[in-house]
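Before any questions on binding or motion, here is one chain by itself as structure tokens, the form predicted alone.
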Amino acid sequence: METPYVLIDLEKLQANIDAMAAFARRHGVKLRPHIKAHKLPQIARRQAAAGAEGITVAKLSEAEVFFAAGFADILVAYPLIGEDKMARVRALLAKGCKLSLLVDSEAGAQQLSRLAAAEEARVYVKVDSGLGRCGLPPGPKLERFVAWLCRLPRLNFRGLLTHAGHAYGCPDPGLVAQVGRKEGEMMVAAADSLRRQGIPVAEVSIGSTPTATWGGQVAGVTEVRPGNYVFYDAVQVALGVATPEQCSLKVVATVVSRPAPGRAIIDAGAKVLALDQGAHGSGAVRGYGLLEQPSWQLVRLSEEHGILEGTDLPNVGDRVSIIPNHACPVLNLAERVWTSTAEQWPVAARGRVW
């Protein structure tokens, strides 16, 4: 196999899938994995076989790819705005896709309400649990919005959804647990407040790989939506969520130059590994990936080059394996991946960002 290429260890992949599914069963929560992490129907089928109840996507284009691949229960965890998006939602519903959609604005809710669909649109309301991105903060504003939404025609309010992505900015692994527990407790409290006002809340959905196993233990949480857990990566290792031995995805590259003592150049740069050093201000990783030797560090990336520094560096022609900082963009950059059983999988939802 010519380098650089992305390699998935299927044994480790399956172990990660099985562990998260077992956690969900043990705590009585539904597992709706986020497939933006891998974009591969082959992995989603393994997740479904392990007990996942539906999937989560980031964009409608991912939903279209996975519906065509046989997945019908799909949550689009992203606010959809625009008549073009509404037409595509309508088309998926007409084909029998069991879509759930996300809203956090009156404009977005009104557009969904106007959908001329045979069945109601199932909607979740996004809650900001601390990330400061999309969503309404728990409290009166959220409650007024949900009460207003429930009066709109053709909308079926299913529940509340959040993503505690600010866990990625935790400087200490112990703080990840605190963020996760707070995420679950905050969401359950918000749902209970709505119920006291006579508004039924069927689902309390939380997300993020670092927090899923903490928030998922909070009584009243009904659903977890981790994505990266199938692979894990250098950021998850830095956060204390996984060990390097659990990481199922690596980039394999070749040393193409040794221009100076203490420096080696590999054929994988930013177009393979992505210039990611941790989401939402993590700052917990050094360089651009974990290498097999602790004396090596991937200190810089240009588009097609990776610069290794350290001692006892590999020679020209040697291959090196890298656990990327963030596995998800690596998949989106790859046209295909190889597996440990020498299968080649095209990345079906690669580039599906609209």
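Nothing here was measured: the structure is a model prediction, and the numbers come from that model. Quick note: we count residues from 1 along the sequence shown, nothing fancier.
The protein also exists as the form predicted in complex with another copy of the chain; that form is not presented, and the subsequent description refers to it.
Taken together, the three residues 203, 215 and 338 all stay farther than 4.5 Å from another copy of the chain in the predicted complex, as judged by their closest heavy atom. Though the partner is left out of this view, residue 78 does reach within 4.5 Å of another copy of the chain in the predicted complex, counting heavy atoms only.
Although the partner is absent from this view, residue 135 contacts another copy of the chain in the predicted complex, with a non-hydrogen atom inside 4.5 angstroms. Using a 4.5 angstroms threshold between heavy atoms, residue 230 stays clear of another copy of the chain in the predicted complex. Proximity of residue 171 to another copy of the chain in the predicted complex falls outside the 4.5 Å heavy atom cutoff. With another copy of the chain left out of view, the stretch that reaches within 4.5 Å of it through heavy atoms in the predicted complex is, among 238-246, 251-259, 89-97, 191-199, 251-259.
Taking a 4.5 Å heavy atom cutoff to another copy of the chain in the predicted complex, the contact residue among 58, 320, 290, 48 is 58. Of the residues given (114, 158, 263, 181), 263 alone sits with a heavy atom within 4.5 Å of another copy of the chain in the predicted complex. Taking another copy of the chain as positioned in the predicted complex, the residues of 301-332 that bring a heavy atom within 4.5 Å of it are, in sequence order, 301, 302, 303, 304, 305, 307, 316, 317, 319, 326, 328, 329, 332.
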